[in-house]
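The chain below stands alone, shown as structure tokens; this is the form predicted alone.
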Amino acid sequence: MSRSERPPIGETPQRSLTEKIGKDLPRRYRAEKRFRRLGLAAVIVALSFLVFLFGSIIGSGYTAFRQTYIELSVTFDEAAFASENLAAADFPGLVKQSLRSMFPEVRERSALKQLYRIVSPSAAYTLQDMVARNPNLIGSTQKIWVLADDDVDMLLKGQISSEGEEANRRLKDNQLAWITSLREQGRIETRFNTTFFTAGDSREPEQAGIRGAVMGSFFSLLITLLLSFPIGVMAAIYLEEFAPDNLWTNIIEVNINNLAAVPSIIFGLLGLAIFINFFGMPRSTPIVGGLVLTLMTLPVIIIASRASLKSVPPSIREAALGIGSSKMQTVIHHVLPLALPGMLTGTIIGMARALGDTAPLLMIGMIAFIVDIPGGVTDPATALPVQIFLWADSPERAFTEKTSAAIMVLLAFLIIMNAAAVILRKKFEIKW
């Protein structure tokens, strides 16, 4: 050590180092505080965007859970039921006659057309269903609540304005006057929109519902779960516990990892080429959608299952083998039960991804306009995210709130599935 490097007399090298560290501590503490503030700011910004997203969706969609109804006094004239076939009766004429009796001063043909438009075209089907259930209604007069037209519904919800020039409004002056008169008579009210949850798709917004899409998603996910979970778990067990460490196994592992990152639309193209074009399976059916989603979720389930198997300590395997268990008995009776919670968590996360994915289903034709509720895996159907896509492309203002409401339902399902994955992991997790 040179003269210049020697510490002053009475000062040891250890003391000099301690003082240097002590002088540097305030700077490091300040840097740590800055980093913590930056992290907190990042969390606040992320939460702000999340709140804004959820707020905009809920603000646009909560009104869809309420629907406007109009009360009509309908006379089921026996003359309208001359034919024995009830479906041949003039039910639209009964609705029009009821509206004319409520506003007898309306006589011009153009004004009558505008009057008829304040109620939904589904009013005639409502009357038909009532007579089909109770034919004794023929010859009587009944007060019946029917769906209002979507423009009337939007007006009463404040989604469209009654101000401005008549030519630029969806509802004309005389229609606004009729709506005001009906409200004063207590013939207009809003109720919980059960149609949204019980009906299929429709060209008329007030008649459109998500039940068909929900059932299509349910059947598709059922096929996906029945195929992807057992295949994924068995593949993970083989690769982790039984497969030899050679070139082919390494190639398979690399491909599984790569498939987990492949864009979902590629799986849709694969399903279109194999299941529809080669095997000739029907388009726009949950069975094809389930097969495509199975291909998409298999890599995720295999990777999660292998990670769960790796988390089981080797001592469990060694103890089982030490008391005479075979390799298969060790895996089935000792390793698999301990790894199962992680496998279930990975499966639920993969299913949640499949529930919210749209691109692969578009490629196999599940974008078709389907009115009927599917009753099985081979019936034509659409899926909830595809239904949202279709409604978002519709020009009617009423479909905007339907789109947001359907997104709220989809988000609710996704939150429930992810919460179930967290609960399963917390409940069955074993820490070694």
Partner chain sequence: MDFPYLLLLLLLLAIGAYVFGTRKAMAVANAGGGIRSLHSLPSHYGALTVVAAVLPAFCIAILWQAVEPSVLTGLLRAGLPPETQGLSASEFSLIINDIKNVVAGNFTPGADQTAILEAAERYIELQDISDQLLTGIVLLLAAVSTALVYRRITVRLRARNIVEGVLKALLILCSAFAIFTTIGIVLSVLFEAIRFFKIVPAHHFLFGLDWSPQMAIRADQTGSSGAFGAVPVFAGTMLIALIAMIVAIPIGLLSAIFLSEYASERLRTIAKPLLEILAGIPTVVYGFFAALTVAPLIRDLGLHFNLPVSSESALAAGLVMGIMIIPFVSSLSEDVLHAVPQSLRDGSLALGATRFETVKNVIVPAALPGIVGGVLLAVSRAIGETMIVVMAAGLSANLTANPFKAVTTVTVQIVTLLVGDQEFDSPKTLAAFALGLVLFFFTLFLNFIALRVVQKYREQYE
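This one's a predicted model, so the numbers in the text were calculated from it and none came from an experiment. Rigid core (definition): largest C-alpha set, two forms, superposition within 1.5 Å. Residue numbers count along the first chain shown, from 1.
Absent from the display: the form predicted together with its partner chain. The rest refers to it.
Ala88 within 4.5 Å of its partner chain in the model of the complex, heavy atoms: No, Ala88 is distant from the partner.
Non-hydrogen atom contact Leu411 with its partner chain in the model of the complex at 4.5 angstroms: Yes, Leu411 sits close enough to its partner chain in the model of the complex that at least one of its heavy atoms falls within 4.5 Å.
Residue contact check: Ile370 to its partner chain in the model of the complex, 4.5 Å heavy atom: Ile370 lies outside the contact set for its partner chain.
4.5 angstroms heavy atom contact with its partner chain in the model of the complex for Phe192: Although its partner chain is absent here, Phe192 would stay clear of it in the model of the complex, with no heavy atoms inside 4.5 Å.
Site test, Leu53, Ala235 and Asn277 vs its partner chain in the model of the complex, non-hydrogen atom cutoff 4.5 Å: Every listed residue reaches its partner chain in the model of the complex, so yes.
Interface segment, criterion being heavy atoms within 4.5 Å of its partner chain in the model of the complex, picked from 131-139, 116-124, 264-272, 309-317: In short, 264-272.
Residue among Leu336, Leu112, Ile231, Leu156 with a heavy atom within 4.5 Å of its partner chain in the model of the complex: In short, Ile231.
Interface residue in the model of the complex among Arg187, Lys96, Arg169, Arg283, criterion: non-hydrogen atom within 4.5 angstroms of its partner chain: Result of the distance check: Arg283.
Those residues of 290-310 which, in the model of the complex, come within 4.5 Å of its partner chain by heavy atom: Contacts from 290-310: Leu295, Leu298.
Rigid core fit then Phe369 CA moved by 2 Å or more between this form and the one not shown: No, because once the rigid core is superposed, the C-alpha of Phe369 moves less than 2 Å between this form and the one not shown.
Core superposition between this form and the one not shown, C-alpha change of Gly59 at least 2 Å: False for Gly59: its C-alpha shift is below 2 Å.
C-alpha of Asp393 moved at least 2 Å between this form and the one not shown on rigid core: False for Asp393: its C-alpha shift is below 2 Å.
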